[in-house]
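Just one chain follows, in the form predicted alone, and it is written as structure tokens.
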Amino acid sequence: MKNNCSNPETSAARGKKRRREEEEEVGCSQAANEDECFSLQDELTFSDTSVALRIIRAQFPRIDQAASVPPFILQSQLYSSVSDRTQVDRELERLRRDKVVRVFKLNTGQNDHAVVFLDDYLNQVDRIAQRMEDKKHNDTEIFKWFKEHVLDSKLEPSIGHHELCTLLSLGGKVKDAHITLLINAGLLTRQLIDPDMYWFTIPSIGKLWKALLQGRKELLSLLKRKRHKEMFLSELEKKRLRYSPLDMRFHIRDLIGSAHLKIFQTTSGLVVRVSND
């Protein structure tokens, strides 16, 4: 007699796989706003870096953790959005010198840099200062000095202790407590290799750069499970990552720009494939 009972382990595995695939799917109907329902196929590349920055900023994922973090654009995302990397570097440097954007090195353990529009960053500094004042913190005048004398003149991603104190002293007498307050507010962090040097930092970004690393790993793992390690872009961008609140399109741009993924045109549409190791 033929046994019609299926293997319970096989059935369970199939059910688990089906549930996982269903959880990964997300459509525009679940987007927070209608304007978030864009397609990477329509807005994957741009004519210049300034246009890319403004559009990617507008598409920054709207998540709870990002409420206190200004929208940021990864440099790798710019490399995937403008065909000429040299053009990106040149135009980004010009925007930095013109005080349109600031560039920050992220503490991901990799060569990651985030770009933030200066107005967004200064607004965040103001919010931090107001929060500190509301909590009756002492020495909150340091935030005004930091904005007017440090951020306005020091455009590089890092600064030495002596130069920092010299610039801050243009606002008043600098105390150790002032530097500590800037560090505790998340605006500065000491460099491990040289304690007399500081990185300028984006406050509250810690959880998001951890999510960035997790999302990269998850997206690559998803593609590696597929035949030929590839998917149509139109299908891939509808997937939902389980371990990153940053959306799939944010991660796709990042991994294409960092050369972990490559994209090519077929008669049926754009295909995203894992790059050869």
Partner chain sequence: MWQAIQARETGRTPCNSFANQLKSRRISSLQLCNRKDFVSPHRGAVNSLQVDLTEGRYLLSGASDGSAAVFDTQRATDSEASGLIEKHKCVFSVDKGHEHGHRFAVSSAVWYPIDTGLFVTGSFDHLIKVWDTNTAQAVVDFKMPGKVYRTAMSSLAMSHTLIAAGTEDVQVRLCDIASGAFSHTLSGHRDGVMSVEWSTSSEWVLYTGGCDGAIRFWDIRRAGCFRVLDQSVTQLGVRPPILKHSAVSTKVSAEKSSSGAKNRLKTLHTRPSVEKARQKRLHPGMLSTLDRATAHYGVVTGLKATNDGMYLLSAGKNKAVGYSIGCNTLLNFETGRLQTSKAIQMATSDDPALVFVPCMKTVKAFGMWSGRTTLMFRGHYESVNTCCFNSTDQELYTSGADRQILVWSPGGSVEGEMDQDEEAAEDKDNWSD
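Residue numbers count along the first chain shown, from 1. This is a predicted model, so every value here is computed, not measured.
There is another form of the same protein, the form predicted in complex with its partner chain; it is not shown, and what comes next is about it.
By the 4.5 Å heavy atom rule, the three marked residues Arg62, Asp120 and Lys147 all fail to count as contacting its partner chain in the predicted complex. This chain appears without its partner; in the predicted complex, the one residue of Arg127, Lys207, Lys99, Arg85 with a heavy atom within 4.5 Å of its partner chain is Arg85. Between its partner chain and the residues Asp134, Glu156, Glu141, Asp152, the one pair within 4.5 Å by heavy atoms in the predicted complex involves Glu156. In the predicted complex, at least one heavy atom of Asn111 sits within 4.5 Å of a heavy atom of its partner chain. Among heavy atoms of Tyr198, none comes within 4.5 Å of its partner chain in the predicted complex. At a distance threshold of 4.5 angstroms between non-hydrogen atoms, Phe72 is out of contact with its partner chain in the predicted complex. Though the partner is left out of this view, Arg94 does reach within 4.5 Å of its partner chain in the predicted complex, counting heavy atoms only.
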